[in-house]
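Have a look below at one chain only, the form predicted on its own, in structure tokens format.
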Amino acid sequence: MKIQICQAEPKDYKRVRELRLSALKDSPNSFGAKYELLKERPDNYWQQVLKASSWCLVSIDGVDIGLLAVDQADKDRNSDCWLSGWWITPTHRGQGISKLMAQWVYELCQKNDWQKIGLGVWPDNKAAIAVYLKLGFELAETLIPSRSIPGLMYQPMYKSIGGDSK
């Protein structure tokens, strides 16, 4: 079994598109984005997505099985970078892939001199919260209003990194 983790390049937009749409179909209540809105987006939309964010792509034996976006965080995010769209195919969950993806994020943070990582998760997504806690993220004390779905609140989680404290 050969696991490959890399940063997606603009030429990888079809891979990212397929994985992102698969994630939204598999777990429609786990993300702010919606399959119905993204499925019709043209190729240039997906190419721009890859230019705007750093996307981690994971494949096993040449088959794409996971993705994750990393952006420099807006000032109101209370972190240096923000993770979104984190997803692994159901058949590959619980096999340590999330830990490998987190390591990829830590390396990206080092390159960008980012010390604090943030992400948001719906409070009822107990499985994702458990994974993030296992990776060393901590729950913020208060929920924050969603930007993507007005009226919903999400649970921010943070992890500080630096030096050897990974």
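Just so it is clear, the model here is predicted, and its values are computed rather than measured. Numbers for residues come from their place in the sequence shown, where the first is 1.
Same protein, other form: the form predicted together with a small molecule, not shown, and the subject of what follows.
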Answer yes if any heavy atom of Val49 is within 4.5 Å of a heavy atom of the small molecule in the model of the complex; otherwise answer no.
no
Practice task
Mark Cys81 yes when one of its heavy atoms lies within 4.5 Å of a heavy atom of the small molecule in the model of the complex, and no otherwise.
Solution key: no
Hey, in the model of the complex, does Phe31 get a heavy atom within 4.5 angstroms of the small molecule?
yes
Examine Val121 and determine whether its closest non-hydrogen atom to the small molecule in the model of the complex is within 4.5 angstroms.
-> yes
TL;DR on 137-145, 124-132, 110-118, 56-64: the one with heavy atoms within 4.5 Å of the small molecule in the model of the complex is 124-132
